[in-house]
Structure formats: structure tokens, C-alpha cells
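Here are two versions of the same chain, shown separately as C-alpha cells and labelled structure 1 and structure 2.
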Structure 1
Amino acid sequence: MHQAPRSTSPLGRPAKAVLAASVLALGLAACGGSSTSQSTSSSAASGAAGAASASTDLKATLTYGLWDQTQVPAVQKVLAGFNAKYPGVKVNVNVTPYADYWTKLQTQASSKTLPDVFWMNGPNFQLYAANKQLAPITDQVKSGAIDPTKYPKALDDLYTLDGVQYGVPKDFDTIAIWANTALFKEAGVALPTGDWTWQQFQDTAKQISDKLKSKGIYGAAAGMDGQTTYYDTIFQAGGTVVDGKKSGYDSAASQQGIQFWTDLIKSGASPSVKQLTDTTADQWFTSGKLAMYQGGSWFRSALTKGPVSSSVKVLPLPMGKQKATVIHGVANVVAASSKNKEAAQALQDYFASQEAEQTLGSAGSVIPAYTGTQSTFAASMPGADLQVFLDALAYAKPLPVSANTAAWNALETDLLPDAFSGARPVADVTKELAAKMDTALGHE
């Protein structure tokens, strides 16, 4: 569930102009006082940019660990730019599918053979940082090689532990509503405009479900994934999920955040918990049986083909007591045990540069984290209003994590379905969840 955005789209869609612009940006993203370098053709690959800086004579072979195969072409492009600067550093890209990524990383960490640079996500970050597996970026920030203010603050915070930042955000994702405008039209329900409330959302979903029930179509879906559903509503209600060493579930606000989904199912506006287990919310949406899917920006890549993609529009999340969305993003980190730390940090610096981020963004599968490089994502689906995901930055809250996130994630998966389905009162479930979660947090 906390995967990086997946993409099935090949390269080549983004306009050539954008590519050229990204190449020109090379000079602007001057890294560590290197002299300006420019290349006029779009083939910025090896040798084109002959930047001369103090450390370009670095010689090393690095491993770069990541989990998303679909992003490899973009990564290779970035690496070509890196090698133009550091011809002596060879980077081997090491892709491990997400399902095995963390198991493998743990084994590598135990045997001190972690990749020199690798992808990190929020739920796992503190585990690695607290166990001294990651190199801090403190010196790179001091030297000006990395400027944390260029990335969303929520993401800097996500990769900071006890005041020390370890990871540089690479991309980000926020949550919004993917709406199927064709179903709205079919049900004769007006598409919501601008900000809207929880009540309006519930009413809209119920109207559509009532109208189109005979066709097996629902208005909305109470998917049981924290990041895309109940964390958002808990934040909107003013609650918390985890607060230091304490669970936030045992509060009235957090209970309201859960109750939102219980009500949605109870009114018939959403398929039941069982239905959503057999067929997940995103599957309901892509098969044209769901009018509103609350999901992440990464879902965009699933919409490049299929009948639904031509009638998609993005709406902001409805607001409870306040506006809120969950933000998460992958970061590049350097292993503390790396034998080529200087080269590894040079690579980390380069990935953090505007130039690299622009290249990554042009590939279209993810929203780059560097402020000002996101416009290509928003433009990648004309008419769908992807800008909503970027505007959501203003009220985004970081994905709730702790030192051993997975332990209480498992508790949520075990207990919350009973609350969603109405089998047990929400207050009972959240009370039990909070107690068990406190125990788990106490063990950390």
C-alpha cells in the first residue's frame, strides 16, 4: 500500500521541449560550485556536459537499489546526466520487486552489504535510521549541495529523526478523489465544484448508488487502506493516528474519521467490506462500476488505457473539521556502511538536484519532489485536473509512521474491518486498537 507510484506508460509521451528544458536546467542546478555547463542537444548522455569540478575525478562503483521497474528508464536518464559530471563513477541499478524489497534490505543490512544508495519509504525509515543504517545528509546541507527547503516540508519531516535528516525526497504523492464523469452524467448528479464537505460527499455517493444500483454501480468505496482512506478522514476530523509513543485512535476525532467510512457502507453508498476484499476499490473504478475512487496520485499511471480513462476528473477531498490529505514520498538515502560514501553522497546530491528531478518528472510516472518541477505531471492528463494533487500540498500531512510501523499496521488490518462493517461499534474497536497499538509502540 505504501508503494511508490507505478507506471505502465513508456517514455516518450512528454514533449520534447520539456526534455530540452531539463537539459538546459543543468547549468542552473549547479552542484557544489561547478562551472556552468550547457548542452544544446537533448542527448545529454555521456561526455556532452564537460563540467569541471573539484570532485569529478572520483572513481568508484556504486549500487543503487530500488523497487519500481517502470521507473528504471527515467533513472537511467538521470544517471547519464550524473556520469557526464562524474565519468569515473559507475552505478549499477539493482531492482528488487516491492514484495521482496524490505526483506532483502533487512538481510543486506544485517550482513553490512546494503546498496550504497537506495530508495527508502516512510513506514520503514525510522527503523533504519534508529538502527544507524543510514548516513545523515547534514554535511551536504551545510555545504549547500542539498537544500531541504526545495522539497515539501512534510516530506523533509518524514525523513528526519531526532532533528537529523537522512533522506532526500525524490517524489511525492497526495490523495484526492478520482471521479468518473460518465457515471455522474448517467445518474444525473451534478459534478461537485470547488471545496465540499463530508456531508456533501456522502449525499453525492448515496444518490449515485441509489440511481445506478440495478447496474451494480456504486457512488464511492470505503477501501480499507489507511493512506488513501481513513488516515485522511482522521486528519480531516482533527485526529491523529500516532502521537509519539501513543496511539491516536482512542480520541473522539479519530473515531469520527473511522465512522465516516462506516456510515458510507451503512447507507449503501459503498460496497461492503467483503465486496471490497474480493474486488478492490481501484478495480471497481477501472471497470467502470465506481463513480468516486479516493486514491493516490500514483493511480494516474493505471489510467493511461482502458475505457474509464477518457472520462476522469480529479476532485479535492471533502473537508471535515479541516482540509487534509496524506502525503508520502520516496527518498534517496545513503547506507552508513557504504565503502564509497563520497561517491554515494555525490550521487544522492545529484538525484536531489533540480535537473535530475526534472528528468524524473518528465517521465510522467511520478510527481518529482523538487519545488517547481511538477508542472509536467499536471499537464500529463489534459482535462483531468491533476493540479488538485499539487494544490493539496498546502494542507498535506505526512503519512503516520513510527520506529516499527509495520507492527501496528498489522493491527489496523486485523481490527478495523469490524468497525467498517458495523459488526462492532467504532468506539469499541478503536479503543481495543489503541490499547494494542500502545503496547506495540512501547516495544519499539
Structure 2
Amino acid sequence: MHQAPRSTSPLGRPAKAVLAASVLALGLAACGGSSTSQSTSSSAASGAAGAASASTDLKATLTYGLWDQTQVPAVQKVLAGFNAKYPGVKVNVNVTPYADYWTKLQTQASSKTLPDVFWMNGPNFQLYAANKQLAPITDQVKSGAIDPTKYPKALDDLYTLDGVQYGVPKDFDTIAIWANTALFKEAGVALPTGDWTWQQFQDTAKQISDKLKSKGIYGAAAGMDGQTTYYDTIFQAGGTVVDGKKSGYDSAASQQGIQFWTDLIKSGASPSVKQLTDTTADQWFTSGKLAMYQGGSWFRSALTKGPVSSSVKVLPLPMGKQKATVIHGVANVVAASSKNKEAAQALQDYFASQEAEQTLGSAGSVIPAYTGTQSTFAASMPGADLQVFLDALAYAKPLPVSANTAAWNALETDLLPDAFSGARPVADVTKELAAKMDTALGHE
């Protein structure tokens, strides 16, 4: 199979990244970050001033850390706007693939070389905030440089710890079905319209696999991670992942959400777990070997070119007991002891502005978080119906997180593949997962 470029989920969880986050929780004790250059602003040392009072004659060199190469063109457009206002601030964009991002970040935190401004996600936020690696946005909010009411409250809350907000949401994402209309036509299967059920999804995927099996084409698959795959079906079944200090996996509803994927693979409608390990579902889709890919809105940026980009249609997730999709968003954060803090916060503030968010949305790379700027994303791919991702806000469920999300994410990654492959009964796997997860939650 042709190996297409992979679009990276904000929450993909390679094992080593999970381990790195765990190490951070145990090994760091309020060590400070550092930047690689000095601001020449007289007020840089205080770090208290927000962008509303930041001098436009700031001079500094900043590092901006992120993990998704496909978003760099949009980021560069935003930086052009920032430099029009702050011509003396040079920003070096440092892209680290997600598979290595958290490991590298942990090393940088330990060696006091964190980027001045960098991307943060929900599962890792509390670890870095609790270890005093992040600068609060309190003063920027007081100065009016950042207005938290312009962003979904669920995302503001995601980046708040003990009443203090540290991150500014730059985008949000929901999950839907990316469909290859050309494969539907080739298989002679009608493209679903409107709301549909789990059974209709399973039947549609099976029909396509059966009719195009000789060409190595499958009906449907997903990333086999929580955000894009089983959290959605767990919520659709009425289950939970975590409820306070208790796991929700040992319930009939949550087991039904896991069983959905076991059944899809068992029927032959999806590639096997091994096949999806060797070649990820998004790669199957972009190479024209998968008719339906359950994935996030961020996948849009991977479809600007390539053989399937002209035959893409977005469909809502099928409905179980209820409609549900997971919502999450990445935030821009500032390293707590950046020596360029005033310039770093000015950059954070600019990324949080309506102007910058409009630019991100127009590029189609992500759904901007700033209220009122999302329509540019929906219009960025005419005919694909990206509006489905925005409509999903009406029934979206926040991404499950806790103080040490990485600890039980590692358990999910370790145990659930046996349930998906059918190697062990779903009930047995989820019971074991729930017990171990309860222990991990009890240690938080």
C-alpha cells in the first residue's frame, strides 16, 4: 500500500509519550523553563505585563513548539501578522512529530530549555501546570489582552487548574466520518444522508468491504485511540470513561461502546488490528483503500492534495443510544520562566486574537476556537460539508481527563487491543482495565 502522509491527532498516544508524561509527574519538582535568547525589553524581567501594554518595539527571538507539520503554513501566516505588529520579535517554529513531542518536552522541562511558547493538550496539561512549568494568563486577562469569554467554556476549563487558567485555546476539534465518495460509487453503495444508526454504519461498511475486497479496499476504520474511536462510541452507548475517582469501563454501556469496534473488525468491514498497527487508518484512507475513516476535524489539513481530496464528503457519526462526539482543543501556553516572557506573552495574546484565529480558520487547518471565526473553516473545502464538525457541538462531550491522564491512557493502550482483535472477551478486558484504572485514579 502507498504510504500517504499521516495527519497527527492532537491526542495520539504512542506508548513512549505516555511514559514520558508519567515520568514528568514523578520526576519534576517545580523546575523552571528557559529560553535561548534574551529580550531587550526593559520590562521583560517582570513577565507580568500582557500584550495590551506590551511595547511594539520589543526585540527578542522566540521558539514556538508544535507537533503538526501540516499546520505550519497557517502558522506562518499568523506569524506574518504578528511580525507586522512586532517587527523586532523573531519566531523560530520548531516542529516535533507527535510520536516524540512529549518525550522531547519532558527532556526540555528537565533541562530548562522549554520553548517560549508551545502547544499543550488536555491530557498533559495538569501535569505541566501542577509542576509549575506554565505561566498563568491571569495578568493578560486583567489587562484585556485575552478575553476567555470568547472561547468555549469547556476548553477554558480544560486549561484551568485550581482556579488559575494557563492555556488559551487555539482551536477545537470534533469527530465525524470522512467518506470517499468515489469508493461508494465504485461499490454501488448509496452514500448515507442525515442521521444514521450503528447498525446502518456497520452494514454500509460491510457491503463496501465485500464488493471491493478483491482490490484490498475496506469499508471503515478509525485510529483505535480514545478520542477518535472508542470514547465516541462509549458516550453514544450512554457509558462513561472516568467519573471522578472511578473508571467507567466496567459497565454494560461502556462495554457496548468497545464491542462496536470488535464487531466491525470481526465482520471484515475493517482492516484487522495488526493491519491498522502496520498502516494507520488515516493512511488507508488517503491512499484510497478505505471508504470511511472516523477521524477528527484536524484531518482536513491532510486533504489539500492527493488522490482522494476531490472526492471527500463528511458524514455525522452514527448514533447509538444517543448522538455523541468528543470535543477537545489544543492551547498555546508560555513557559513559566521564559527569559522572553513579555514577548512570549505578546505572541500568545496574538494567537488568541480574532485576527489570528480568522487566519487559522481560513487556511482550513483547524477549527478556530474564537467565537464567530469558525465559518471560515466550514467554507475552506467546498462540497465536503465540513459544517458537520461544527454542528456536532450540539451533542459534543468533553474529552475525559484527570490529574494524571497518562497513567490510565497507558492502561487503555496496553489492554484494549485484545478486546478489539477478539483475543479476549470485551467484558474480561474492560473489567481488568477498570480495576487497574481505579488504582491509578486513587493515586492522584
Partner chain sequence: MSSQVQVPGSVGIARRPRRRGDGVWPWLFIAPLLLGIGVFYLWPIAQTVYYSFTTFGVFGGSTFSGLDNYRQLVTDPSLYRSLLNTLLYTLIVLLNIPIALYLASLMNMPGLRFASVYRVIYFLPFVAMPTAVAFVWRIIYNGDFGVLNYLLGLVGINGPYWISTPGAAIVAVAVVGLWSNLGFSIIVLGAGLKTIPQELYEAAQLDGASRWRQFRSVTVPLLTPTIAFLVIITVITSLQLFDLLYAILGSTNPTLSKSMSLVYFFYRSGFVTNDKGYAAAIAVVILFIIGATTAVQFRLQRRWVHGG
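Each form is matched to the other, and the largest set of C-alpha atoms that superpose within 1.5 Å is called the rigid core. By convention here, residues take numbers in order along the sequence of structure 1, the first being 1. These numbers come from a predicted model, not from an experiment.
*Asks:* Given the two isolated forms of this chain, which one is the form predicted in complex with its partner chain?
*Replies:* It is structure 1; that copy is the form predicted in complex with its partner chain.
*Asks:* Could you let me know the angle, in degrees, that the smaller of the two rigid parts turns against the larger between structure 1 and structure 2?
*Replies:* After superposing the larger part, the smaller part appears rotated by 20 degrees.
*Asks:* If you line up the core, how far does the Cα of Pro169 move between structure 1 and structure 2, in Å?
*Replies:* Its alpha carbon moves by 2.8 Å.
*Asks:* Once both forms are fitted on the core, what is the Cα shift for Ala135 between structure 1 and structure 2 in Å?
*Replies:* Displacement of the C-alpha, rigid core superposed: 6.7 Å.
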